[in-house]
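One chain comes next, on its own, written as structure tokens: the form predicted alone.
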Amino acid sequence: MRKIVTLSAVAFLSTMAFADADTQKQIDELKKKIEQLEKANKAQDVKISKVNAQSAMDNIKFDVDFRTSYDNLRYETANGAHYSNSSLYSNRLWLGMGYAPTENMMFKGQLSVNKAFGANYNQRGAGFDMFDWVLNENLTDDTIKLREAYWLWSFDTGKIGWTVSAGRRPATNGYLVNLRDDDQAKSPMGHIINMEFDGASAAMKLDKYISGMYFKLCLGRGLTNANSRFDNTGYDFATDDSDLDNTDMVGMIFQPYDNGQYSVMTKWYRGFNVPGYKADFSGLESFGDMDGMAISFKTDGIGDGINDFLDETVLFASFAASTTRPNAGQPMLGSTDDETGTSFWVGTQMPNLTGGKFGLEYNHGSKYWRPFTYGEDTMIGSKMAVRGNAYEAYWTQPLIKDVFSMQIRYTYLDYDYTGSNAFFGYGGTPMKISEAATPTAVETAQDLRVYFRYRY
């Protein structure tokens, strides 16, 4: 019996040994087939990625930003007169587009319509509604206008990144102004520049050395004195010395630091041959040059992980100055001397219990303060340009993710001097609001706005 058991055990173990060898062989062959399939799939994925990338580069991408707003406007003059509009409704459409044929070259554009509900019986554009600096920020008609169109080329040399761009630049809704406008910050600093212009820029990125550091040179032209075509002069598009001089601008932006929480931004610019009203207000002429500078500080989050509220709270402070440089015999802002104005601006944006953001802002401008902020998104004039005090509170609330939102905003302007929103000649002369010589000057202005906004 023992022999039979022993022989059976030997036979069983021999069978298992051969079976294990066959199984291992099958497993090895299966592994090889899997490896071959993985290689084939990887090759196919690479081909698909290349096709998708090429397809993405071969197609222009569009986006939509549509806003419907209600504004309640109120003005009070120095002599106690009141003006108002309690039912101003408007639609604003931005149609954006982008195209990137290569990794380092892209095109960006944006078309715009901004109009009030209904039609005005007066001819739109009779005043400065259609002025190039504010073409898309004013309520005009239902025509489509060009807001942005530029190419952007980027490349690296060692550890330094470079960008070069030209076209109709993104020069509104800049740094810090973008918080209350619920937008990504555009190129300029909103404290001193907020208007449309055509020009070029070149930036040098130094963030490989210091976090967030970059330097940008900006060039722009706000007015040209070229003749129009077919104007009966016989020299189409030649310069006209009897008209305004070219209004050009050069600026430099320097961001010394930005680590995602703490940031510092600085800017300087000079506007050449800036326009203004003549003494008799019969027309415009060039008065001289204007300098501006600003330095701004911002913190995205207070402390480090103290609580969710402080982590999501934004604080900022900004200081700016402007200086006139009048031509001989042509007083800028009513003075033949170089006059300097100053402004400071503080604000905060905090989260609320509904998942939205609540903001408070205050800014003050002195007697000769004059920024280039004519395109600011307000119905009562630029709050950043106020010669006096400006107070603002807003609540921005997402309704459907990041696609549909609403905002309630209240802006109150209390002027100390006239000329806050005028150009650079006699119209910008600062006169004390309380003086009897300016009884019809606007002393206070208010704007209560409610909007609903769709973005995709």
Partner chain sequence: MTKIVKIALSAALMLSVGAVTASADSDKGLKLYSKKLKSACGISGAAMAGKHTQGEWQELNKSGNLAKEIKTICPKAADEDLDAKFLPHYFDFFFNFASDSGNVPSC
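What you see is a predicted model; the values in this text were computed from it and never measured. Positions refer to the first chain, counted from 1.
There is another form of this protein, the form predicted together with the partner chain, and it is not shown here; the text below is about that form.
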| property | result |
| --- | --- |
| Residue stretch of 368-376, 270-278, 137-145, 206-214 approaching the partner chain in the model of the complex, non-hydrogen atom distance within 4.5 Å | 206-214 |
| 4.5 angstroms heavy atom contact with the partner chain in the model of the complex for residue 150 | yes |
| Contact flag, residue 300 vs the partner chain in the model of the complex, heavy atom cut 4.5 Å | yes |
| Interface membership of residue 362, the partner chain in the model of the complex, 4.5 Å heavy atom rule | no |
| Contact test in the model of the complex: residue 98 vs the partner chain, heavy atoms, 4.5 Å | yes |
| Single option in 404, 66, 70, 395 placed near the partner chain in the model of the complex, where near means a heavy atom within 4.5 Å | 395 |
| Interface residue in the model of the complex among 358, 117, 254, 162, criterion: non-hydrogen atom within 4.5 angstroms of the partner chain | 358 |
| Contacts with the partner chain in the model of the complex - residues in 339-369 whose heavy atoms fall within 4.5 Å | 351, 352, 353, 354, 355, 358, 360 |
